[in-house]
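We begin with a single chain expressed as structure tokens, specifically the form predicted on its own.
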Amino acid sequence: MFSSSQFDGTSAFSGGGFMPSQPSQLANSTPSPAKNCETQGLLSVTVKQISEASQSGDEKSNFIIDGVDVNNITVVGMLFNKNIRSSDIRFHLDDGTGRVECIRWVTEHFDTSQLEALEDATYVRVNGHLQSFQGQKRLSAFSVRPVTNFDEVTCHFIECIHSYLQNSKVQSQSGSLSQSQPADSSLSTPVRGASNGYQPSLMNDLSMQYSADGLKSFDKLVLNYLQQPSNIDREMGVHVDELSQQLKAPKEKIKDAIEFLEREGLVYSSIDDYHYKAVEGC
């Protein structure tokens, strides 16, 4: 459900309305699985982009945003109209470009007090699965946490701009290739995964250091550990120290890998900057 914004999108960059004293509780959950490797990461978007997203088929098909097939997205904005029920907690997220309904399902692993503590007009980051219900787009959230530093709001909008420009460039290049060259199975739409955010469709000598999904071997090792069923089920996520001990690698190397995976939208921090979980379906 969408409606007009209650705060000016341009003011989001000036710091107006941000309250440093917002609660610091973090929401933990199990993310919804993605259908393919192109939808496994978290794409930074605005509510306006969500409202303009299209589906190629029925309500169960994936969404297309800026020409990219996605389902799992991350949005930053103000929380409004929170409604706590026995089965779920619903609220609206307003980022200055529009408003979208979000729903957080209540399970035995989810503590409702985490969202109950969040007040209206609190800035939050919502990671979730974009879906359509009765013709309306909504976000099924698997992670809701308060924003405690306004730089995160500014950074999110910059990421949205970067993703839009990058995806538009990819679509433009794909269109040029399809017009100038015959169809070939070796040419495919770039997907998220390489260090620049996308994996080129044409292989070259330098790409040998990456695995098939565009990840370096050590990054893949870290991701594989976080993806173990026992770790996926852990509400708090996995601590950096545990990763360092289990993978027998220095903390700095672990942090570098986590930073890359987080930037690619494959993992996210859970309760603090030291605990991480993998996005399911990766």
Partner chain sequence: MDTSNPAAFVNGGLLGMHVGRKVRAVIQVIRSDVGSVLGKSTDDRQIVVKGSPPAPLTTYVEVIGVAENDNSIRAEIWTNFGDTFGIAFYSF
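Just so we're clear, the structure is a prediction, and the values are computed from it rather than from any experiment. Residue numbers count along the first chain shown, from 1.
Below: the form predicted together with its partner chain, not depicted.
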Query raised in the report: Quick one: is Ile89 in contact with its partner chain in the predicted complex, heavy atoms, 4.5 Å cut-off?
Result: no
Query - Close approach of Gln228 to its partner chain in the predicted complex, 4.5 Å, heavy atom - result: no
Report task. Indicate whether Lys82 is a 4.5 Å heavy atom neighbour of its partner chain in the predicted complex. Result -> no
Query - Interface membership of Gln136, its partner chain in the predicted complex, 4.5 Å heavy atom rule - result: yes
Query raised in the report: Looking at 250-258, 62-70, 235-243, 44-52, which one sits within 4.5 Å of its partner chain in the predicted complex if you count heavy atoms only?
Result: 44-52
Query - Contact residue in the predicted complex, from Ser132, Ser140, Thr154, Thr112 (heavy atom within 4.5 Å of its partner chain) - result: Thr154
Query raised in the report: Quick one: of Met78, Cys160, Val170, Val144, which gets a non-hydrogen atom within 4.5 angstroms of its partner chain in the predicted complex?
Result: Met78
